[in-house]
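Form predicted alone, single chain, as structure tokens, below.
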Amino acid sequence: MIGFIVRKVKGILLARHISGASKYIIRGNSHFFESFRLTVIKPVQDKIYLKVGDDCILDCKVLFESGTGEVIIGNRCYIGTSSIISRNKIEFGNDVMVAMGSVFYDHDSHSINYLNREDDITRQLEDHRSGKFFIENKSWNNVTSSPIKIGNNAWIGINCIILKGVTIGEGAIIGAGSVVTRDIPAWTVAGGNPAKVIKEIPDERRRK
């Protein structure tokens, strides 16, 4: 079984596709390709950040920008060279397909108040100049977050952006290049910026 070697660099947890085991990951009999990477800034001891089921193929990057967050990936999922960035919770059901270049982001990253963003820049500079990771001491007090859920049998096309608080229903298809800012119903095809339902998938092509 493929595992991970974990090392800490200036307080950051990095896990790559190498033999070894990580107590931050629970995984079934799945496959981790060359581009897979797990990064946790300020990891919490004994916290499980990533849970992966059986028969998945993962070539993605999973990033936790603070000590919080959780990513759950079901069984038989394929996630290409995409990015999953969590502070809250991002959950993939079973038999989900995600093409390359997509981004899942369950928080806003910054406040809408420019004064808070000025403070973010100041902290980034201080961290970088002191040899720390550039957002190691970022304040998250004014950052909004909300979980993302991807239903069973969903298909996310190339270069999509899935934002906080979104639920993509079972069997839904998200067209290439879409920005998903609101829920997408089950068994529909959606696309655009912001993504809207284009059509419904016929009954005979839905899971019964």
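All residue numbers are counted from 1 along the displayed sequence. As the structure is a prediction and not an experimental result, all values here were calculated from the model.
Beyond the structure shown, there is the form predicted together with a small molecule, which is absent from this document and is the topic of what follows.
Taking the partner from elsewhere, no residue among Phe36, Val103 and Leu163 has a non-hydrogen atom within 4.5 angstroms of the small molecule in the model of the complex. Contact with the small molecule, judged by heavy atoms within 4.5 Å in the model of the complex, is confined among 149-157, 63-71, 135-143, 48-56 to 149-157. Under a 4.5 angstroms non-hydrogen atom cutoff, the small molecule in the model of the complex lacks Ile85 among its neighbouring residues.
In the model of the complex, the small molecule sits beyond 4.5 Å of every heavy atom of Pro185. The closest non-hydrogen atom of Gly169 lies beyond 4.5 Å of the small molecule in the model of the complex. Heavy atoms of Ile173 reach within 4.5 Å of the small molecule in the model of the complex, making it an interface residue.
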